[in-house]
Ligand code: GLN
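A single chain comes next, written as structure tokens; it is the form predicted on its own.
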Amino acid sequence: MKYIFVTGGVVSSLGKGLAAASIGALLEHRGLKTLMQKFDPYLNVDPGTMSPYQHGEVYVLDDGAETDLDLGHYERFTSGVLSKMNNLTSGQVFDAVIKKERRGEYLGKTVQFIPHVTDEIKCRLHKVTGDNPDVDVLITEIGGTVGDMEGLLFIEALRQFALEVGKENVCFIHVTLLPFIKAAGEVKTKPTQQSVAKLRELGIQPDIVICRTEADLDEDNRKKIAMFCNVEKKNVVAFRDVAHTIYECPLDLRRDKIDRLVVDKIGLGHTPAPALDDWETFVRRVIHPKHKITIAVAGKYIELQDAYKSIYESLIHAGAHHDTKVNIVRVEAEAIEQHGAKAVIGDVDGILVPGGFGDRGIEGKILAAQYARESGIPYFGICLGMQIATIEFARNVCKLRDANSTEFDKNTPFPVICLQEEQKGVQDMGATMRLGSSESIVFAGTKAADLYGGASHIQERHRHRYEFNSDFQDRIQEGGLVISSVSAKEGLVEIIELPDHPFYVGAQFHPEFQSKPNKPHPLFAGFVKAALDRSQSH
């Protein structure tokens, strides 16, 4: 196996994850099989207990691992199916080391950062290598910035690992910032020089330097960076701000032939140039669509772009599939509570209520669901959004006054949404929800069955503690709400829908975690199609 390690310097949020994912996409289009992973130096075991304000959305993998949102980019840009082995944090590393010490596995030795902690990090690399013998290239992104105290052990582990597997099998890529100083009217290379110098102090010489820049990279600056950072001039690559969509990133990096630089470094230069026709077609449909629709997303973290990252990307995928630009209107749920759904949301082509936790903004989301149902506006509820639709229907159609979820009102007389049985008594918050992929049955003759192309069984990823209360199934179905899918094992409600509505669907799972650029999730594709039909009929 060959290895690519992507580090970053100067500042965070430079786009290391997008750079790594783009390289993975380019290598796959050269015919190579890639696998991606993320090393995060923070002490949390995983991001599952973090607020979205801290770390954006929590991305859930098939095996139930709660991971960094960059793994969403990895799965969208490449074909690799990731697992808990593809996301490593300092919390996991130290937890493993302490457990080994308690079991006596170090045979009485003094447990130290080097070699024991660094060995644990290298162990993950060896484990992923051994478990994936068919993979050609493993791409690993290291979170944070070079020089951060919390990341030093990861950098040291990579230095050791490169020596062990042979430097000819390893490519170090460093992503850095080229700031444009407006007052001076020029780009400054010094931050890049200093960042690379710090990396070299730690024993790693980057093979390729990717420069994040607002403008292009001229030859003079390319030569300067090459000289002071000790890399060849051709290995100084510009990573420009893209104009329309993140899916332009592989095409932008291809301009400086980064895939060729990488394969030459790791001995895979015999592979053919990437065939990017399908990717270019997708990007062209995103940038120059024939149609346009407006979707309102009503949430509680709406001001934060990364809180619903996978949902926004899934709407882009579905939009491109229908040659449609999806304009997203972000609606604060609390504003709906104050001013009403019609006043805040207005005349849109679709309303989406995403997942979430806590009672803030809940009544606003319920009003949004009611507005969509009564106005014939396509509605898509995801996880909490499905529960919201159930509560609204129970209150206003089934006349179960004060119906609610026990998450928001433990004393509600009609707990149409309740805590899962296996969650009762659970104390730890991390990794204790219903997580990961599970099988569901889709009932024939429903909208869900049509959307899934007639499939009777589906696999979808979950992340929730509360569920549709089976005690109310009959009463709610008598009111006209259709249960169109249940879990194969437990019979839990997975999809609800209204048959006499243009599109009114709620899914307990998270379909956004399985949508890809040229393969949109069928529920998102159906939702966008319904919104497009509404737009065109108007």
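Fair warning: this is a prediction, and the values are worked out from it, not measured in the lab. Heads up: residue numbers just count along the shown sequence, starting at 1.
There is another form of this protein, the form predicted in complex with this ligand, and it is not shown here; the text below is about that form.
- Contact annotation for Lys224: none of its heavy atoms lies within 4.5 Å of this ligand in the predicted complex.
- Under a 4.5 angstroms non-hydrogen atom cutoff, this ligand in the predicted complex lacks Cys171 among its neighbouring residues.
- Of the heavy atoms in Glu407, some are within 4.5 Å of this ligand in the predicted complex.
- Contact check for Arg240: every heavy atom lies farther than 4.5 Å from this ligand in the predicted complex.
- Checking Arg373, Lys309, Arg463, Arg212 against this ligand in the predicted complex, a heavy atom within 4.5 Å turns up for just one residue: Arg463.
- Exactly one listed residue, out of Val283, Ile142, Cys383, Ile208, brings a non-hydrogen atom to within 4.5 Å of this ligand in the predicted complex: Cys383.
- Listed stretches are 288 to 296, 275 to 283, 324 to 332, 351 to 359; the contact stretch with this ligand in the predicted complex is 351 to 359, by a heavy atom cutoff of 4.5 Å.
- In the predicted complex, His510 is the single residue of 502 to 535 with at least one heavy atom within 4.5 Å of this ligand.
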